[in-house]
Every structure is written in structure tokens, then in C-alpha cells.
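In C-alpha cells, one chain follows: the form predicted alone.
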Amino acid sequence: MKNIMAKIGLARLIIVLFLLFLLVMAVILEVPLPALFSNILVRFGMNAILVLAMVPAVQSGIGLNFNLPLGIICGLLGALVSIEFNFTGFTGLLVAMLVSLPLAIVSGYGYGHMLNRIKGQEMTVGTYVGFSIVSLMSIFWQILPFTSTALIWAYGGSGLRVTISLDAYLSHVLNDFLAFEIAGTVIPTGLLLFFAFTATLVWLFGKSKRGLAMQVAGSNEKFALANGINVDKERIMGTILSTVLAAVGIIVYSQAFGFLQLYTAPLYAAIPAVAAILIGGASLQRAKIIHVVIGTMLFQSLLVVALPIINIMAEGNLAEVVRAIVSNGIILYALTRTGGEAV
């Protein structure tokens, strides 16, 4: 029993038991389970790549990437360009990613150089830079020369809208691809396959000579230097990969959500992603893809299942209140952890 507890982790075990309790309550309260399961799968697929962006950051030694908004803004710019030129469907999705990738690579390269100058303070500085980038872009969203009526304010307003609908462009492109239904539960095949493809690329890179060098540099700097590994270069590589994954992740998230959210919205992406991977068993020095899968599934399942049950029991619409309580409670747990759990 002690070995099982040590492997699973007490906190994670509590979360799993609480989730099972909520599912039992859902059955008792006659909440449609197929709809819940469908929603869980969609939310897992749309959030998992943003959580995956933490893996190369941790493995390279820069720690948890609290500057996720940097990559997210690159992804948003790619999606905006795709809409501006009226691309739709898979073509629009591909164009959005192709435009965002060079932006993310350049941004990640510059950010990586900055992190090499402030070693030991990466998470603090990353949080500050994330806030600064979002604030700066809130000005640029007002002056960028986009002209599409789907992007700019109507009736002569200037600048881009706060929320942009993707219905006619990228909405549910991956969700609907090869989707099928099992006992009322809709399986978003394309969304899950895309995450699996992305995770496989990250895994293959981690097994390559360059990926192993990056991990050695992140886990033991002195040992890496003694073996001729350029630690600063590997840290930059991890930062670039994390930024690129964030850019791709926000495009996948937005097409599943059905909207692009600009201005201050990117501020709220990093902490839930950090919480999810830590709940999955990662630490400040160790992160694997399995941590992404477990953490994202637990985090999103708890949010999805808790809200309708609490609303029924309270006989009122407490969705946003409960969402804040549940998510912030999980985040508080995650950010106060000092180490990971074995998986």
C-alpha cells in the first residue's frame, strides 16, 4: 500500500477519488454522462499541447515556462493572418501554423538569450515578461493593419476585436475530423490524433542525440560542461521548442473553442498549464509526456464534471464561481509543491 501511495502520490489520489465521487453524483443527479465524457475529451485535446509546452522548458533547465503568452501571441498572429487572407478549413489551420512558427522561433531565440543572463530567476522574470508582452500587444492590436471585417471593430471602430469568431474559418476543424460516436460520447478523433502526433515529435526529439544533450544540460550543468555540452545553447533550444508548442497549442485551442481571444486573454494561459503538468507528477526539474497526459486529463475532468453538479445542487448558475474555486484550488496546490511524484 505504501508503495502504491508513493507511486501515485497522496494529492493526486485525493483528486482522483474526488473525481470519482463527482461522477457518482452525476449518475445520481441524472447528469448526461455521454455529454460529460465528450466535453472532457474535447477539453483535454484543446489544452494538452499548451501543457506539453512545459516539457522542453523543464528538461532544458529553464524551469516552468511562465512566459507562455509569448508563444501564444505568435500563434494568435498566425491565426489572424490566416483569417485576413480568407483561408478556411485545414488550409487555414496550416497557414496559421506556418505563419506562427517563424515568429515563435525568433521570439523563443531572443527570450532564451535573455534567460541565460538571469539564471536562477527564470520563472519570476518569465512571469514579468509575459505580463509585459501582453500589455504591449494590447496596444499593437489597436494599430496592426488588418482590414478583414471579421477581425476589426464594426461601424468605423479602430483596431481588432477582443473576441473573434472562427465559425467561417477554423472552427472545429480538428474536432470534426474523423469524429465518431460511442454510446452517445463523441470522440474528437482529429483533435486527439493531432496531440498524439505532436507528443510523438517531442518524444522522438527527446530520444535524439540533441534532445538527450538538452536534458543533460538541464539536469546537471556541471556534468554537461565537463562533457563538452554548451548549456546556454541547449537552454535556448528548450525555450524555442516551448515557445513553438505554445504557438501551435493556442491555434489548436482556439479552433476547438471557436474563438480567438486577444488583449489580456493570453495572461491566463500559463498558470493552468503549469498546474496541470505538476498535478500529473512533474517537478521543477523533471517533466515527461505522461505527466502532461495525466495532469491535463485530471485537471480538465475535474472542471468539466464539477460545474454541472454544483449548479444542480445549488439550484442556480454558479458555473463561473465554481470554475474559479476549483481551478484556483488546484493551482494553489500545484504551485506550492516542491517536488514531483514518480510516474
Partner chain sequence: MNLLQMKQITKTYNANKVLDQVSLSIKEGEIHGLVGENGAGKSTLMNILFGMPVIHSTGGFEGEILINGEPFTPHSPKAAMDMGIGMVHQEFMLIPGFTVTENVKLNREKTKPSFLSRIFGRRLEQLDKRTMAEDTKIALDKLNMTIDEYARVAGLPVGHMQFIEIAREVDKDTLKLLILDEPTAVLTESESTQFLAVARRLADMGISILFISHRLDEIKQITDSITILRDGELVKTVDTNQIEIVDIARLMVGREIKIAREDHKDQKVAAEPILELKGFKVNMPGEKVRGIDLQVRKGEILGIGGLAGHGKLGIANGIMGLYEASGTIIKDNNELPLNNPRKALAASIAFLSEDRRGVGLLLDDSIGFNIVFSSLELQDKFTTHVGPIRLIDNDAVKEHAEKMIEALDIRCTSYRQKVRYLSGGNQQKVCVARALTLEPDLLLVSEPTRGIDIGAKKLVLDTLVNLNREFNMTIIITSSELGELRQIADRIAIIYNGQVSGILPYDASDEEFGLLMTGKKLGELNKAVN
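Numbering follows the first chain given and starts at 1. It should be emphasised that the depicted structure is a prediction, and the values quoted were computed from it without experimental measurement.
As for the form predicted together with its partner chain, it is not shown, yet the points below apply to it.
Taking Asn116, Thr127, Thr198, Asn220 one by one, only a single residue has any non-hydrogen atom within 4.5 Å of its partner chain in the predicted bound form, and it is Asn220. For the options Leu98, Ile182, Leu136, Leu225, the residue carrying a heavy atom within 4.5 angstroms of its partner chain in the predicted bound form is Leu225.
Contact between Ala213 and its partner chain in the predicted bound form is found at the 4.5 Å heavy atom cutoff. Although the partner is absent from this view, Ile229 contacts its partner chain in the predicted bound form, with a non-hydrogen atom inside 4.5 angstroms.
With a 4.5 Å cutoff on heavy atoms, Leu204 counts as touching its partner chain in the predicted bound form. Although the partner is absent here, Ser208 sits close enough that one of its heavy atoms falls within 4.5 Å of its partner chain in the predicted bound form. Shown without its partner, the chain has no residue in segment 245-277 with a non-hydrogen atom within 4.5 angstroms of its partner chain in the predicted bound form.
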